[in-house]
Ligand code: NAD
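Given as structure tokens, the chain that follows is alone and in the form predicted on its own.
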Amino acid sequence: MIEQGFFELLEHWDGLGVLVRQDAPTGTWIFLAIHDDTLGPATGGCRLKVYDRPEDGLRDALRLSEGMTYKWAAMDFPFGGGKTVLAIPRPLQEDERRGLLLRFGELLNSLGGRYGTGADLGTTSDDMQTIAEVSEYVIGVHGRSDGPMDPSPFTALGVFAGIRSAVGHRFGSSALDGRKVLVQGVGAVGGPLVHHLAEAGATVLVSDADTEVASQLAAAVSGVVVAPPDVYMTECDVYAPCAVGATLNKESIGSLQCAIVAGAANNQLESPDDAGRLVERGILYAPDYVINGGGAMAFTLIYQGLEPLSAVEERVLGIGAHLTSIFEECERTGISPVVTARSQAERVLARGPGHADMSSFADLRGRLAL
């Protein structure tokens, strides 16, 4: 990939704007990208990660904020697309991390409710609690004291439902008995997903950069460990990317030995052309912002007051039915799942807000009793 600078990255981005700040005490670059607010105030997670170049963090923020626009639109929920990336130069000590998060909270306040955040890759519910000490624009820490604090299990549940949908569409039955599913990245989402798959009878192949974690999880579910370099050449029914994005590109797609790609990672396609490459290879793809929306969906429903949690889980499992509708439309039209899902989301965006107009995250928080 050709390395691009800040201005080159922004030149072809169609979002509303990006707030950029360097945190002097830690040397962290803060990128807060707001892509769209058609349906409501921009809302998206706060990612914390070491990047080789600050520009790589900006690229993630731009791509992820756009993904959030379509994730919310796919659910028809009253939020817009936004994302924060805290591009740290190195792992931070506990006091450094806390200081960075508090300063980020003050930065959130400066936007006056135009953006709200939550946990994402590299951040935790405890981190959100820290930010909430100085800012109210945080999802998952205010409101119901009995509500869950971690969206990851709901994300995993939605991905599990999506995998069953894709398997059913491709093979004629959603039963996972005997199906081989390769889960790449077994952290907060991939780990619970592995257990769902094993309980459903699938043979689970586990891969993670932390080989000890992969080995322990594989042993717990009688699974098989796959070394990271071998992921794309390993034969399986489903490849489930659940770690970083952009794992699907010209080279990796050419090597894939699977019938389906369905996983939790954001921005799985390195470029829009990769959707066509999957079609050419006959690989069914579950669009990432549809299949991985379970956590965002659940937390919104919980703070809207949906009771009990089993009812929330039932709604999250509905992601499978949504994907089935996308796959069926693809069959009728001959259009790829990526284009079909985007067209569906764009129809929601074109219609505009289907709820009371909310000009800020604070207005929405009041409506949802956050």
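All residue numbers refer to positions in the sequence shown, first residue = 1. Nothing here was measured: the structure is a model prediction, and the numbers come from that model.
Omitted here: the form predicted together with the named molecule. The next part is about that form.
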Review point. R114: heavy atom within 4.5 Å of the named molecule in the predicted bound form?
Key: no
Point to revise | 4.5 angstroms heavy atom contact with the named molecule in the predicted bound form for R47 | key: yes
Review point. Heavy atoms within 4.5 Å of the named molecule in the predicted bound form: does G105 have any?
Key: no
Practice item. Check whether G168 has any heavy atom within 4.5 Å of a heavy atom of the named molecule in the predicted bound form, and answer yes or no. Key: no
Check your understanding: Which of 168 to 176, 91 to 99, 274 to 282, 203 to 211 has heavy atoms within 4.5 Å of the named molecule in the predicted bound form?
Key -> 203 to 211
Point to revise | Among the candidates V221, A243, V225, C258, the residue which, in the predicted bound form, approaches the named molecule to within 4.5 Å (heavy atoms) | key: A243
Study note, to complete from the structure: Contact with the named molecule in the predicted bound form, heavy atom within 4.5 Å, among S135, T130, T300, S152 goes to S152
Practice item. Would you give me the residues of 94 to 123 that have any heavy atom within 4.5 Å of the named molecule in the predicted bound form, in order from first to last? Key: L121
